[in-house]
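The chain that follows stands alone, in the form predicted alone, written as structure tokens.
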Amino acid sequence: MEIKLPEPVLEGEMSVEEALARRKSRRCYRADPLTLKEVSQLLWAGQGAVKGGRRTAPSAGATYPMELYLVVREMGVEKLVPGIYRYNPESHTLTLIERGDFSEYLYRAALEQSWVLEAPVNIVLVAYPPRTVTRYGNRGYRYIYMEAGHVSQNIYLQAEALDLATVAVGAFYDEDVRGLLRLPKGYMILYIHPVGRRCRGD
């Protein structure tokens, strides 16, 4: 099942400078669902395709080892069933991997960090190293970690511009998250980004 996402907005109301000044890790989320348009914008900011075959985050040699997965809880996104989705940058679509609310499983895999459970959605940053390592050898792993940082910061800044909250989570059981996403061995799990509407006063 493939879902076409709304087209990303290329001109926002908040400047890059303001988003940078406001950016912070936020771990408190309201229960309100996100819109599909907001989810579309967040995924595009992290790994979206732009003119010339590039993506929104730089990648060593344009090898693009990064993939984004979306874990949606029950009532997490308007007009989207709960489940595990893979983001497809070229077509700007979501592919449903498995239907169901897996937020409890992801919460346990992330060392029971409550913000992972409470967020309407979690964006999981994954890399397939051979795309980069084949060209650059072992140094390619360094480039992959750099790229994960670029993608994570893009998600942070886009969340700020949308008045949403997020935090980069790096503590989790890799094998458990890999199993949840139905990924074969060889894939690296790099970050989990819970995203939701920020709590009042935050």
Ligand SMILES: Cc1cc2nc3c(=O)[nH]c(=O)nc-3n(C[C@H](O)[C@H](O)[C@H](O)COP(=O)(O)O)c2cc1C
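Each residue number is its position in the shown sequence, starting from 1. Because the structure is predicted, anything quoted here is derived from the model rather than measured.
Not on display, but discussed next: the form predicted in complex with the named molecule.
Only one of A45, L164, I144, V167 lies close to the named molecule in the predicted bound form, with a heavy atom inside 4.5 Å, and it is V167. Each of S25, Y156 and Y191 is positioned with at least one heavy atom within 4.5 Å of the named molecule in the predicted bound form. Just one listed stretch, out of 111 to 119, 81 to 89, 97 to 105, 125 to 133, contacts the named molecule in the predicted bound form at the 4.5 Å heavy atom level, and that stretch is 111 to 119.
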